[in-house]
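In the structure tokens that follow, the same protein chain appears in two forms, which are kept apart as structure 1 and structure 2.
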Structure 1
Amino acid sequence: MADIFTSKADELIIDQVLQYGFSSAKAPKYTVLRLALAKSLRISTEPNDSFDKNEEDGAEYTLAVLTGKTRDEDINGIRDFDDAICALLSTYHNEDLFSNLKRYKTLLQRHIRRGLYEIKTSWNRSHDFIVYLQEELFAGLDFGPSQQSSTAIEIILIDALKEIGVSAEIKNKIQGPRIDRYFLHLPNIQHFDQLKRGLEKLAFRLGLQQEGVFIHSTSEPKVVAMDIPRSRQNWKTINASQIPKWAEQEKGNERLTVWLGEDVLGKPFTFDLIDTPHLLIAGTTGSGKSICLHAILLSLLWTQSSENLQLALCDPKQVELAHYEHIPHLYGKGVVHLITDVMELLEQLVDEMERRNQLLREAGVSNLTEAIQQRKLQLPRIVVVVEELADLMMQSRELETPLVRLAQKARSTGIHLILATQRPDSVTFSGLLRTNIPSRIALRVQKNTESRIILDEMGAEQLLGSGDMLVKIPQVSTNAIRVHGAYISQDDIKLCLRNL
């Protein structure tokens, strides 16, 4: 007899995970159901009764399949890991489920079905499912120091350096969220060039794949800093909950401060959108653009009221920005998806820019910051976010006209552009847009030529993926700064918006 029921929509998700996530349509469905249970248990609020309905066109599963439950008489009453799951749910719900099998099954079904729903809304089938799981299930858990001892790694490093003809001594080491930074003393300065030329070989020797080893000179003579990535299981995830902590002191002020995550040494990385000329975020599919956008949006929403800030949101994929549909900060009619609506919204923003320019002229000031400081005008700032710019540009090149006008003149009027794209080629990102959008965030790209298009330099092809980025903002630094992005899950967004 069946113990838990799924719906047709649930079955569709299970099939998608098996087919695209595990590339094995024939793998047993219970594996996905068990992962869904784990996913749901990571959410701190209880699943609701909307998952109780037994829908006719779904499927049925027994506890024997799901939790390995054996009949009591089978093996001396041991219920396999059904006992462990029952204990987990009893603790989670603070109820004794061992004495109430019916209730146990109800709650198990709720968790599994909620987990499936969460996977559906937060996993995109073009993204690596295993990486997704690692982030979703293990985000924020501290697994302690790496398996290999530091001394063992240091011996391997010195050895690897010798193999490329560099003799060096490790002076110091700092552990960042994802990389270890080694300070190497090179007694022979000729070895500095040798080191620069040999970085690819060194990465190969250290068993790194496309992820690179980066070096920087330091202010200390003959000392170079070398960044070596750790293996993924030894990364520290930067949780969304950090953002409100960082944002605490900025709440309610006039700045548009955003926190993307932490730099390689673990210091929060922040900048102010008001000082930042318009921004492009680019990187290959699954590199972390949308999550980076969420970090920016949540930073702004944590610190700004809807009187001070409005968000104009364009999302052709229709899923990424759906959570923001009902926030009071929304500019215009809602999050726009269709190319005609995007065009209309951008044209409306151009008119708003012209209107504001007129108001600024009349007030005798050159920009909105001055107008606010001198109490001459009080207008909200508008942050315009365009997701998947390349998709939109492919549908209509005409989009470029209002975008270029905004890029050229909108900043002084308090309108700020953030464009995100997978393909930063000349079609999407024409010369005129390029020159007027000088702030760039590059997430991982496939080829060094793409890195050059985004940053005017190589490097983004050697990033680690999953929100590892190079940030080049003229107002912050002339060099690209490496940042590990904060991980923002769908729950984090919901939680933040609920607390607005």
Structure 2
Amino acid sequence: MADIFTSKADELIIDQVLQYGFSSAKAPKYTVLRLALAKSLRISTEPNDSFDKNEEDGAEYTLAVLTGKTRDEDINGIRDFDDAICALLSTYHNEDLFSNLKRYKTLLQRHIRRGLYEIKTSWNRSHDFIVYLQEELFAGLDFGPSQQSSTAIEIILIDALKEIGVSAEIKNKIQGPRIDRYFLHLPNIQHFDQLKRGLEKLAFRLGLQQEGVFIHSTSEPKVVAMDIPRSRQNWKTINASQIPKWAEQEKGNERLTVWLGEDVLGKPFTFDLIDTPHLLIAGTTGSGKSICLHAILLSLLWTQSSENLQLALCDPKQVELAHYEHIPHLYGKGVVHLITDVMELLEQLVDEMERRNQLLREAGVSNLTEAIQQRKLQLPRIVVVVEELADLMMQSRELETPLVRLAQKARSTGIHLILATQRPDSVTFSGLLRTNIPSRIALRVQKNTESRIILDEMGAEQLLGSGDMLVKIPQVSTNAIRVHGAYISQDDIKLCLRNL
């Protein structure tokens, strides 16, 4: 008799992991199921009952195969880990599952199926699966003292600086979620230029591969700040569980404040979408672009009612924004997918922009914020999200016309654009769009030319991936700010939507 059930979609991701992740389609499926369990246990919120349904076209597994229950010997790689897994789940859920077998099986199935779903949404076939597991299962864990002491690392850094011709003294060190910031005193100011020119060699000397070393000037004379990434197993995970707590302080605020995560020193990073007022977001596959979008959407949904905020969502891939299909905040017909529907939606928004401009003129105010403050108008702000702009632009270049019009004139009417893509090029982000949308978020990209398209400067090609980003918002700072995005799971999204 079966103990655990999976769905057809679960079995598909299991097969993909075996074929493309392990390059062995004949490997035992329980290997992937156990990894899915480990992935789920890394999430702080409990899996919900949506994973309880036993679907006819799925598969069935026994505890004997899955956890090795009652196996006295190692048979075909299966040992008896059942008591250990039961203990883990008992601790996680703070209940005694040894005395309730039915409950144990229910929770085990929920965790496994949630883990499979998380793998499906966060792993790409082109991404080395072993590296993916290292990033997902071990990042942020404390393994005790590292092989090299802090003093030893500092000695290596000073030696590396000398090799590129820079004499420096370490004055201080601050540890952030993913990087260590060293404050270096340069006795010879000529060495500052030498340091900037030698950053690539310095990264190579420190064994950072594609990950770069970033430097920043400070207010202290002859002192420069240097950001050096730690190994991934020593990263601190930034959990989305902070969003509801942060949102409690923001509720009732007419501003469209967004929480992305933390800066490199571990301080919360927020900005106001009204001041932005439009945003370009880009990053390669696996960089964390979609999760960044979810962070923005959850921030808005946690803090704003449907009377104050409407979301116009365009998702040509029909995957990333599917969770938001039934929220009360939707503008128009709902989440749109087809190019014809997207064009119709944007033209409708242009008409709404013109209507609002007329209302503002009649009220004798210059923008919606002023109208609301003077209680002359009460209109909801509209945030337009295009999840994959490149796909839509490939289908029709005519889409650029309403987007440019909105970018040029919609700010004062309370309509804001968020345009995202994983293919940042001059065709997707034309000169007209970039000119009218100065605020940008760049996640990791493959080439420095792509970084220039997004930020008008290099740097995004040296980011760490997994939500590491450079945020350039003129109203916040003249320089790009490095931010580590929060990890947002499907459960975090479901929790938010349940509370609407």
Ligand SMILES: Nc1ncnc2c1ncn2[C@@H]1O[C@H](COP(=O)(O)OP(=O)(O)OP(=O)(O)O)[C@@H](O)[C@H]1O
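The structure displayed is predicted, hence computed values, not measured ones. C-alpha atoms forming the largest set that superposes within 1.5 Å between two forms make up the rigid core. By convention here, residues take numbers in order along the sequence of structure 1, the first being 1.
Q: Which of the two shown corresponds to the form predicted on its own?
A: It is structure 2; that copy is the form predicted on its own.
Q: So, superposing on the core, is the move of Glu46 at the CA at least 2 angstroms between structures 1 and 2?
A: Yes.
Q: With both forms fit on the core, is the shift of the CA atom of Leu37 between structures 1 and 2 2 Å or larger?
A: Leu37 C-alpha, core-superposed: shift of 2 Å or more.
Q: If I superpose the two forms on their rigid core, does the C-alpha of Leu63 end up displaced by 2 Å or more between structures 1 and 2?
A: Superposed on the core, Leu63 moves its C-alpha 2 Å or more between structures 1 and 2.
Q: How much does the C-alpha of Leu108 shift between structures 1 and 2, in angstrom, given a rigid core superposition?
A: C-alpha displacement of Leu108 between structures 1 and 2: 4.8 Å.
Q: Once the rigid core is superposed, tell me how far the Cα of Phe22 moves between structures 1 and 2, in Å to one decimal.
A: Phe22 C-alpha displacement between structures 1 and 2, core-aligned: 3.0 Å.
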